[in-house]
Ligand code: SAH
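Shown here is one chain on its own, the form predicted on its own, set out as structure tokens.
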């Protein structure tokens, strides 16, 4: 099947852009998993790949070689190249969880593979890539040693509770991140208990910002930011998340690392409700962690990053100590880094102070990106303090 590029976007694809975007292409029939040849507006071969509808686009270019078959050998070579680029992680005894293959960043859009100790998690993002599943798994088995493989079909919103290859992991499965123990479960829901892309941010909290600090961790999920803060010397932590699961999962992470949870606060509550109570109670924090989902909906509240993040910052400033630090993070790919930073600075200014940027973080090295593809460069993290 041939797909033709609209003339205005010839150069973009000639330079290696890997994602099929509907508006950039002439009309074509959409068939999940079908292999296509991408052709310039003048009929010159630009690449080949597969059709697969996901939130990023309609498919991915996988090869620039017209004669290269998309077969088991092809996938084996891509997997081997990804492993080679992460060689140092395999020899790092202090970190046993990382991303082995990051979709388009490793030339295989639509699939990510994460390593959790001796277990691996495959995330399939479209029906199109799922149709290559058997071939990819066969390639993987030939070059990677593993105890078990778990899979999540994110295009369907479902997951396999048991491994599809190998044996089940112990519950919980304990992995290490910069020497810290983390409990994960690869077969419970679409999430595992840890967001691997925040690894270096958590380490920075532990090593630089936590010592003797009172810490507020909003949208705390399984409490990992709180855990790293406590291991970095925090005097007290408050972890707030609306999900009921956050309480037992946070207790689990604390217990695994010898932290006395009875001395900390773990609250199942809407973050904005907590802000109101904390202001009335005169609470003050030295470090406030803001890492909300891009979109969240509860019975009474709908949260959208670009609409509601300024309110998060305003409420945080009411609780921040004079020399305190706010960690502002978002994983919304459509929110440009510069716009997110400007929003932070503008909100501080509207509250009568200036935002001083201490440092910024992006995706870690195992989350390889495609230059110029906003969707693959989604994480934005700023450590900010204020001055008058």
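These numbers come from a predicted model, not from an experiment. Numbering follows the first chain given and starts at 1.
This next part talks about the form predicted in complex with this ligand, which is not shown.
Since exactly one of 259, 296, 284, 80 fits, which has a heavy atom within 4.5 Å of this ligand in the model of the complex?
The option sitting close enough to the partner is 296.
Contact assignment for this ligand in the model of the complex, among 241, 106, 315, 177, heavy atom within 4.5 Å
Comparing distances to this ligand in the model of the complex, the residue within 4.5 Å is 241.
118-126, 150-158, 167-175, 243-251: which one contacts this ligand in the model of the complex at 4.5 Å, heavy atom to heavy atom?
Going through the listed ranges, the match is 243-251.
Using heavy atoms and a 4.5 Å limit, would one call residue 89 a contact residue for this ligand in the model of the complex?
No, no contact at 4.5 Å.
At 4.5 Å between heavy atoms, is residue 195 in contact with this ligand in the model of the complex?
Although this ligand is absent here, residue 195 would touch it in the model of the complex, with heavy atoms inside 4.5 Å.
Is the gap between residue 237 and this ligand in the model of the complex 4.5 Å or less for some heavy atom pair?
The answer is no: residue 237 has no heavy atom within 4.5 Å of this ligand.
Contact with this ligand in the model of the complex for residue 207, defined as at least one heavy atom pair within 4.5 Å: yes or no?
No - in the model of the complex, heavy atoms of residue 207 and this ligand never come within 4.5 Å of each other.
Using a 4.5 Å cut-off on any heavy atom, which residues of 266-282 would contact this ligand in the model of the complex?
Those in contact are 269, 270, 271.
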